[in-house]
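Just one chain follows, in the form predicted on its own, and it is written as structure tokens.
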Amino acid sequence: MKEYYLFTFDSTHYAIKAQKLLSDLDPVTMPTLREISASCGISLKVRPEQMGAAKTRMEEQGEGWSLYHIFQSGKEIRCEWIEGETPK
């Protein structure tokens, strides 16, 4: 089973800003998962061991993002909303 965290964004502007903010943590830019419908379509994937630093920086950045904990086993994906904009 794979486990990672996913930041989603209200706009492409927020996504690009976050990518620069987290660049030293090597986030992976990816399309937002179909299971998560509310976002601009761009997400940042962060490894569990980088989550603490990433979340702290994103909280300092302010609004415009949501955070999900993702569990993937084969083709099955489970998304747990953690914080940020309430999922629709």
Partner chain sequence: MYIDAIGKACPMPVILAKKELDKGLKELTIIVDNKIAVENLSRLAQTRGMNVYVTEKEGNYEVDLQTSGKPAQTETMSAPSACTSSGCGYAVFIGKDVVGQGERELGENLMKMAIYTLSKSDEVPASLLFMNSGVKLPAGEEPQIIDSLRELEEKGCEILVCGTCLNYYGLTEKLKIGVVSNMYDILEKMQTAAKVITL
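Just so it is clear, the structure is predicted and the values come from calculations on it, not from any experiment. Residue numbers count along the first chain shown, from 1.
There is another form of the same protein, the form predicted in complex with the partner chain; it is not shown, and what comes next is about it.
At the 4.5 Å threshold, heavy atoms of residue 11 stay clear of the partner chain in the predicted bound form, well away from it. Contact annotation: residue 46 falls outside 4.5 Å of the partner chain in the predicted bound form, judged by heavy atom distances. In the predicted bound form, no heavy atom of residue 52 sits within 4.5 Å of the partner chain. Under a 4.5 angstroms non-hydrogen atom cutoff, the partner chain in the predicted bound form has residue 41 among its neighbouring residues. With contact defined as any non-hydrogen atom lying within 4.5 angstroms of the partner chain in the predicted bound form, the contacting residues in 4-32 are 12, 16, 19, 20, 27, 28, 29, 30, 31, given in sequence order.
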